[in-house]
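First, one chain by itself in structure tokens, the form predicted alone.
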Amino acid sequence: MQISILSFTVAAIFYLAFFVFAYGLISKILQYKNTPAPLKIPTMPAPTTQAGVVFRMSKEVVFFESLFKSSKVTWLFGWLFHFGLFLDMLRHLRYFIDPIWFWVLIIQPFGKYGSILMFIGLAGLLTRRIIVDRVRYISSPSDHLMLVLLLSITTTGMAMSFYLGADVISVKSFFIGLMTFNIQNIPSDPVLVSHLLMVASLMIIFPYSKLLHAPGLFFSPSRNQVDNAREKRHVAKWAEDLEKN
């Protein structure tokens, strides 16, 4: 089978995007991990046990507890976007596994509507950056462009899911071929190709943008520290090295 120039180009872009994404993400996580935390600075009221820290982090990751306390409107749009993204990503697993796991099949009807939640959340977050004075003042062009990119990915995905359709079998063959280094032809659908190229762009940008708050949350000392400063002396790694010398 002869591989089209379009398929080869898209495949090459995705290989590059995956490399940049993996390298950037691992580098940043190692940077977070190795950054000294010299003080006990958990945000109060803070848990006094490790189990309490796990529970606190769980509430932050799943329910965005601190954002809820700060701004109910921002919390609503942010949570809708993230929950919709979660559903949509689970639904997209069908393109990368064969045979498809039973729970991925079960979630397909629900995951399809995750894009609607994503659109509502992103539209609300973008509108907030435009009309709220104090938010507009601190927003940079990259903040707006990131939301526009996410909205563009969402709208092209919705267009294929609800109106235009897509050759699911060919798309799945293409991505399984990428994972096995056996490139397959991709449909020459302009909406599909635009959608995929924007996803690849997002993968390249992700490790070097504010979107990195996703893994960064777990390395925040104000969230992941136990409030036991009186019971146990906190010594940073660099301070331990100084004491040894």
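Because the structure is a prediction, the values reported are computed rather than measured. Each residue number is its position in the shown sequence, starting from 1.
One more form of this protein, predicted together with ligand HEM, exists but is not displayed; see below.
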Position in contact with ligand HEM when the complex is considered in the model of the complex, options 116, 147, 87, 171, heavy atoms within 4.5 Å: 147
Contact residue in the model of the complex, chosen from 205, 197, 67, 178 - any heavy atom within 4.5 Å of ligand HEM: 67
210, 213 and 218 all contacting ligand HEM in the model of the complex, non-hydrogen atom within 4.5 Å: yes
Partner proximity in the model of the complex: residue 61 to ligand HEM, non-hydrogen atom cutoff 4.5 Å: yes
4.5 Å heavy atom contact, residue 152 and ligand HEM in the model of the complex: no
Residue contact check: residue 74 to ligand HEM in the model of the complex, 4.5 Å heavy atom: yes
Contact of residue 82 with ligand HEM in the model of the complex (heavy atom, 4.5 Å): yes
Proximity to ligand HEM in the model of the complex (heavy atom, within 4.5 Å), stretch among 124-132, 93-101, 158-166, 108-116: 124-132
